[in-house]
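Next up: just one chain, as structure tokens, the form predicted alone.
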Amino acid sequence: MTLLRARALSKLFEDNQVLSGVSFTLRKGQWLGILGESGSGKSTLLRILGRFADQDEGEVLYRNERLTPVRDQLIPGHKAIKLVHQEFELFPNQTVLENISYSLRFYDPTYRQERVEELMQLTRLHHVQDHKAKLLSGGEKQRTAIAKALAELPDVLLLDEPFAHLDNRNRQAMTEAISRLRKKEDMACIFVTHEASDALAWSDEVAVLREGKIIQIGTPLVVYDQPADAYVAELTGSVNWLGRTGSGSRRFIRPEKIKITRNQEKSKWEGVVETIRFRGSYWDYQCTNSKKERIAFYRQKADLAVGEKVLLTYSEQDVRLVD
């Protein structure tokens, strides 16, 4: 069932076209990741969907009903669509418990207590439940803001850069909280991010936004493995460009598809290792050949040295074409 639909949304700010013809649908329970660089229009799109800003053209429909323009609303926002801003918008001098309880202040006290406890467990905030919001870390503020938004369970949750500015420890806690959210709460979510790894990991579908336009939308695997153009290919991961076809299309292959061979006849690329970078779960090798062309490949072990000659091979089935 379609919950939310955007139809040809456009927005202009001081002669700057922030959004242009943005369209998509969001189903019940679906998670949609909006991937784009800074300035691509991601946050503006969320504000329009959350009914905090009006589009200049197009429409937003919730359950097939066109939503009232923000300018005609007494209070901005929508009860069934909750937006968690990057600034969190918590009450700084209230505790975590007080912030989460606020949306439930008119509910039965027993239900309020049970719901708040459920959200505290979901976001693992018990250890800071009596701390004022202004004293929390970035990750704790983020989780408190999400718990506050979920107090009255929305149909659609909007997250603005949920992993931005988090250190690795808080990022892990945030990842676990979102994972529990997906399993427990039956709601749809749209989150915007500039990190491809987050969009690919958490989305049922990924929409790539560039200069206010969606240039590709599809499952994470399709967007990564069959990018619509060179921009999407480079935005979603490392790329080795292999030249052009006779028709002018660009050929590329991902570093993880390249293997070392000892057989000269099977070799498709010969070069010298220039740099080696440890990435935690793998090593990233950068090589150049006699034409100063560069190629990258990954290995699970550090068994090569800078200056060492390597023969590389790959399957043509793993080569992709983009215009």
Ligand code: ADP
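Numbering starts at 1 and follows the sequence shown. Note that this is a predicted model, so its numbers are computed, not measured.
FYI, the form predicted together with ligand ADP isn't displayed, but the following is about it.
J.: Is E37 close enough to ligand ADP in the predicted bound form to count, meaning some heavy atom within 4.5 Å?
T.: Although ligand ADP is absent here, E37 would touch it in the predicted bound form, with heavy atoms inside 4.5 Å.
J.: With the cut-off set at 4.5 Å between non-hydrogen atoms, does Q55 touch ligand ADP in the predicted bound form?
T.: Q55: no, not in contact with ligand ADP in the predicted bound form.
J.: Quick check on V22: any heavy atom within 4.5 Å of ligand ADP in the predicted bound form?
T.: So V22 does not count as contacting ligand ADP.
J.: Taking any heavy atom pair closer than or equal to 4.5 Å as contact, tell me whether L9 reaches ligand ADP in the predicted bound form.
T.: Output for L9 is no: heavy atoms all beyond 4.5 Å of ligand ADP.
J.: Kindly confirm or deny that F91, Q94 and Q129 each have some heavy atom within 4.5 angstroms of ligand ADP in the predicted bound form.
T.: Spot residues vs ligand ADP: no contact at all.
J.: Out of 260-268, 277-285, 64-72, 37-45, where are the residues with a heavy atom within 4.5 Å of ligand ADP in the predicted bound form?
T.: Stretch 37-45 is the one.
J.: Could you list which residues of 11-31 come within 4.5 Å of ligand ADP in the predicted bound form, counting heavy atoms only?
T.: Heavy-atom contacts to ligand ADP in the predicted bound form: F13, N16, V18.
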